[in-house]
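Below, in structure tokens: the form predicted alone, a single chain.
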């Protein structure tokens, strides 16, 4: 009974940004659970995927599509190709996003007063418009089919402000760094887009939920790690595989009465 409850076997799942750190993890977990995965990404170089999943993963359960989520026509084209092979998707994970980590150019991470307008526009285009377009195209088709699950990937910085104290060590060393506003604002926007679509498509049995994640370990520098982990009640960043269970839960029938919700997985960061 429990296994059936979390069963995603043969479900068709589209993952935007599927070649990224978390996208590859979601793909791996879903493939291992028997789902069919369509990766939508600008980077369709398959070698990292083949190394991770092995040569046994073939076109019958894993496909790659060059998609720019800010261009509606590329989403429509990729969806048509998915449908031709597997039918209308059962789930969409809106994972593609832009952020500017500590290694970005200085002007991207400087004071708010001088933050580039072009950077603001680009992040909003990918992180908000991209999700809007994917929901419009793929969500619309799932609504026509009378079923589906959409998962919008959010961040703790969409709920609370970045703790700029984490970057003081850079400012002391005359390397100005402030976590930019655009990423936080873009992720906040997804929370209400989720709520809107969850009520809009409720009668069509398309569930829409948000997953809000804390930081993921990715070989960040030691001073940042120390500051971040000291602020987290669990005293560490997430391992890149620790969000997979939530993704499978939201796609499976285990979450059949869950829509318009925000599941927070952050090691306790927002509980403080």
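Residue numbers count along the first chain shown, from 1. Nothing here was measured: the structure is a model prediction, and the numbers come from that model.
In what follows, reference is made to the form predicted in complex with a small molecule, a form of this protein that is not presented.
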query	finding
Contact label in the predicted complex: residue 260 to the small molecule, heavy atom within 4.5 Å	no
Residue 69, heavy atom within 4.5 angstroms of the small molecule in the predicted complex	yes
In the predicted complex, residue 149 touching the small molecule (heavy atom, 4.5 Å)	no
4.5 angstroms heavy atom contact with the small molecule in the predicted complex for residue 216	yes
Position in contact with the small molecule when the complex is considered in the predicted complex, options 135, 97, 182, 189, heavy atoms within 4.5 Å	97
Stretch in contact in the predicted complex with the small molecule, which is absent here, among 152 to 160, 137 to 145, 77 to 85, 112 to 120 (heavy atoms within 4.5 Å)	152 to 160
